[in-house]
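In structure tokens, the next block holds one chain alone, the form predicted on its own.
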Amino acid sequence: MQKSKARFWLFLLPALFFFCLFVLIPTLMGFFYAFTDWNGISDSVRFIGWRNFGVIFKDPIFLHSFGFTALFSLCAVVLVNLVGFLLALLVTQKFPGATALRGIFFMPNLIGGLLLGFTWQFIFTSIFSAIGQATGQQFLQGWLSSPETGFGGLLILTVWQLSGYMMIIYIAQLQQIPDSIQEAARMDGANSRQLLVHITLPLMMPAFTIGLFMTISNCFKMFDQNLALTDGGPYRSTEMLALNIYNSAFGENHFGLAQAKAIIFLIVVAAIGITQLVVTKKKEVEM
């Protein structure tokens, strides 16, 4: 028994050490700096209480970034999981090339966020513009030059990158559904739509719980794609919360203010994520 406990702590301590060093301690320090006016450079740190939080809720740029991030995350979470699920349904069918398609759909997830952002920036600003000029389609020209096209560009990039990863999660769950359940439903006269609605979707809820949680977290925290694709432009109209916090800390040297924004960001994302987990967990059914 003692040897078992010793081995447990032997394997746990390295991970616990690095977790405290790189996650727990910086987080606690961030909570402290949120109540100061530190600029990130000076040695002097002055405690100012709740003043940073008061400034945040009067900042129109932060409030716009908050609303933009919330709207983007809502649309992206729905589309990424919908497309991922539809791709999973497609590649689990028996036809030539289904296995190859899995790899093709998953590959965008392997590309780094900055590289992906710059690649799609070239596509939107150069290729779309060239096609628009050649075909006379005005809507293809001037992409990323307005808040609407910037929003659409970020949405397209995110769906293209994350759908393949969600597809893998949904494939794993689809393959766990016993064939006997579907065969019994078919014998009772159920058609394909009824099988999907009454058999497949309820049994997919464990995967939906994971998929929704991961996409909510990724979409709210998106930074590198936002930085590379639009850099918050035009006029900070497509600036998401992570980029807004970064600009406050390293662009404007308001480190204490940025930490206060990060605390609000953490609380909001944690509340949404936990609520989603509780709601979707209740809808899970056993096979």
Partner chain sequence: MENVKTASASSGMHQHKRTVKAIFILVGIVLGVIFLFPILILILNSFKSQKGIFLDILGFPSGDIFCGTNYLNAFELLDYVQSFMNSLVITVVSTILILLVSAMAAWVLVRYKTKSKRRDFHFICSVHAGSVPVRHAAACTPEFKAEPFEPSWVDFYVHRLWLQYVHHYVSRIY
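Positions refer to the first chain, counted from 1. Owing to the predicted nature of the structure, the values given are computational and were not obtained by experimental measurement. Rigid core here is just the name for the largest C-alpha set that superposes within 1.5 Å across the two forms.
As for the form predicted in complex with the partner chain, it is not shown, yet the points below apply to it.
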| query | finding |
| --- | --- |
| Partner contact for Met107 in the predicted complex: the partner chain, 4.5 angstroms, heavy atom | yes |
| Interface membership of Lys221, the partner chain in the predicted complex, 4.5 Å heavy atom rule | yes |
| Contact flag, Met204 vs the partner chain in the predicted complex, heavy atom cut 4.5 Å | no |
| Partner contact for Phe151 in the predicted complex: the partner chain, 4.5 angstroms, heavy atom | no |
| Candidate stretches 39-47, 52-60, 26-34, 232-240, one within 4.5 Å of the partner chain in the predicted complex by heavy atom | 26-34 |
| Ile111, Thr119 and Ile127 all contacting the partner chain in the predicted complex, non-hydrogen atom within 4.5 Å | yes |
| Residues within 4.5 Å of the partner chain in the predicted complex, restricted to 67-106 and counted by heavy atom | Leu87, Leu90, Gln93, Lys94, Phe95, Pro96, Leu101, Ile104, Phe105 |
| Core superposition between the shown form and the other one, C-alpha change of Leu12 at least 2 Å | yes |
| Yes/no, Leu21 Cα shift of 2 Å or more between the shown form and the other one with rigid core fixed | yes |
